[in-house]
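The form predicted on its own is given below as one chain in structure tokens.
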């Protein structure tokens, strides 16, 4: 094996081990909460020795921050892809409800992690989750500023309504997390509730003056 091939193999192994650690922490946090699990528990669950943990993360807090980033990356990707579809802006409320529910269903463990840790996690993890939500508010504000009746609003008011939408998103995402599998009736109920709530916010667009 050439030297470059050996380097590539070691890098691939390192990535596999990092993935195992993240998956182990996510799995354990579903029953205990991330703040309650220990480094040794994570290492044992991942099938590695505790000293190997430190080749990837300096602390449990750093591992928690990586889980936050991993949890939001899927949603961020899907939202950005949706923004490229002109049909989304034409029907943003229905599209937003659909994207939200499908994304949470596909990454339920990650969103359950966020739902638990944003109020009961360590300070570092709570701050990271809030930071991600603030970034999402800013990104969504850029999209909303293109909608009718909002073009003349102040940036503060666009941020305000964006934050309302994100709070609505968080509430509905937590409902999807708690939804049992195989319940399309509950899924449709959550989607319809999200659509109604967003429409209620949108009703005020036309009459609002910054």
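Keep in mind that this is a model prediction, so the values were computed, not measured. Numbering follows the first chain given and starts at 1.
Below: the form predicted in complex with another copy of the chain, not depicted.
With the partner omitted here, the stretch from 140-148, 65-73, 171-179, 49-57 that lies within 4.5 Å of another copy of the chain by heavy atoms in the predicted bound form is 171-179. Three-residue candidate spot 161, 164 and 207; every residue lies within 4.5 angstroms of another copy of the chain in the predicted bound form by at least one non-hydrogen atom. Although the partner is absent here, residue 201 sits close enough that one of its heavy atoms falls within 4.5 Å of another copy of the chain in the predicted bound form. The closest heavy atom approach of residue 28 to another copy of the chain in the predicted bound form falls outside 4.5 Å. The shortest heavy atom separation between residue 105 and another copy of the chain in the predicted bound form exceeds 4.5 Å. Looking at residue 125, you'd find every heavy atom of it more than 4.5 angstroms from another copy of the chain in the predicted bound form. For the stretch 94-119, the set of residues having any non-hydrogen atom within 4.5 angstroms of another copy of the chain in the predicted bound form comprises 115, 116, 118, 119, in sequence order.
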